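Consider the single chain below, provided in structure tokens and representing the form predicted alone.
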């Protein structure tokens, strides 16, 4: 007969030797220590502010700002509130960041592809561009570009006249006509969104059609026609208003139209040329990471170098390019805070004036941190989503 053996009882482990209990204990201790430190810093800060009779809270945001902002995307005057002044700064920062990301991506991609060109001169020029711009601090480039723009052009009275005296270039910026506000312009904006959606749909349809039949479709041309054509069609249906506000010299400056100020130009150009040098190296390394058989296979199918780069190499290299590119997009957004050095009214500049007038530095610094954190997290979320979309799917 088989003799059944009773199972051995599991040896009991002392709580201080149990890895699970010990892990929880140390996590609770760390969280408690961080919370205690935060409570001490906050309470000590509030006590010091109260002792110095400095107001706290965000009630000041509803008070009149009382200072001018030279470049605004929305209506603003010194009678506006501090909250609106900060909103103007946020919008100016976003304008520079979005345009900088788009232009740096395009220029950096062209420079990166140019470095791989068999043309010796083009390759060397792209290499010198990268080494020149990425090895000099961005702040120095901003100072240099702003100084060149300020000294290269005359004052408003001697402004350079262009396009039948409707566009003027001076050291105060580029003045040009803009359409007078009309209700149809809102619908043109809606039409632009519809055109973008149509272009995306055309691209998806053309891609599926080519995969099924092998026949290509000029989706880029058709998409561009939709993006441009739909707003124009809306404009025509709305009566085609042609009233323009044209800049004209009055006194010591121009009135009417709109202006691209030299501070904005210097900041945007500096961010683009500096960041595009890093983007170029990311693009170049992403393409070089591909096996050379990919380009050889593309050429064997009869594709030109441009077609092979656009249809075969770059789409595959995106899986290597996108993650480090995210860091460069974040750098553009955060480096835009250097605008205060050349006088561009971004968020940091608006907050700096607000601190000087209200004395509430803690609240304003928290607003800056929250704004940059929100924008950076939004960029990261979008790029992570895009990275998942282009990732290889295992079957």
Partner chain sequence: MSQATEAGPATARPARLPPTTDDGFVGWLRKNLFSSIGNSITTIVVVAFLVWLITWFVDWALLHATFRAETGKDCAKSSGACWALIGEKFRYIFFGSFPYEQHWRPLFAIITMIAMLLLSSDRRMWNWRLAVIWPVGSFITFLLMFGQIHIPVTLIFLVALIAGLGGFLLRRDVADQGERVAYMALMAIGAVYLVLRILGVLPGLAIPIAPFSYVETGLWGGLAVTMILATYGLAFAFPYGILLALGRRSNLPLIRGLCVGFIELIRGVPLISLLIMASLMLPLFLPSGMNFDKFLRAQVAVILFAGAYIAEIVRGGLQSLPKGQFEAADAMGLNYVQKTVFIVLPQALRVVIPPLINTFIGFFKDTSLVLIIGIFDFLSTSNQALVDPLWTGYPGEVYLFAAAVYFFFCFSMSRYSKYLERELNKGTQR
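Everything numeric here is computed off the predicted structure, so don't read it as measured data. Residue numbers count along the first chain shown, from 1. For clarity, a rigid core is taken as the largest C-alpha set superposing within 1.5 Å between two forms.
What comes next is about the form predicted together with the partner chain, which does not appear here.
Checked against the partner chain in the predicted bound form, the residues 176, 278, 235, 254 give one hit for a heavy atom within 4.5 Å, which is 278.
Just one listed stretch, out of 98-106, 116-124, 188-196, 77-85, contacts the partner chain in the predicted bound form at the 4.5 Å heavy atom level, and that stretch is 116-124.
For the chain shown alone, residue 328 is not a contact residue for the partner chain in the predicted bound form, no non-hydrogen atom being within 4.5 angstroms.
In the predicted bound form, at least one heavy atom of residue 369 sits within 4.5 Å of a heavy atom of the partner chain. Heavy atoms of residue 55 never reach within 4.5 Å of the partner chain in the predicted bound form, leaving it off the interface.
In the predicted bound form, the partner chain sits within 4.5 Å of a heavy atom belonging to residue 151. Taken together, the three residues 69, 266 and 271 all stay farther than 4.5 Å from the partner chain in the predicted bound form, as judged by their closest heavy atom. Within 4.5 angstroms of the partner chain in the predicted bound form, the stretch 185-213 places no non-hydrogen atom at all. Shown in the overlay between this form and the one not shown, fitted on the rigid core, is a CA shift at residue 382 smaller than 2 Å.
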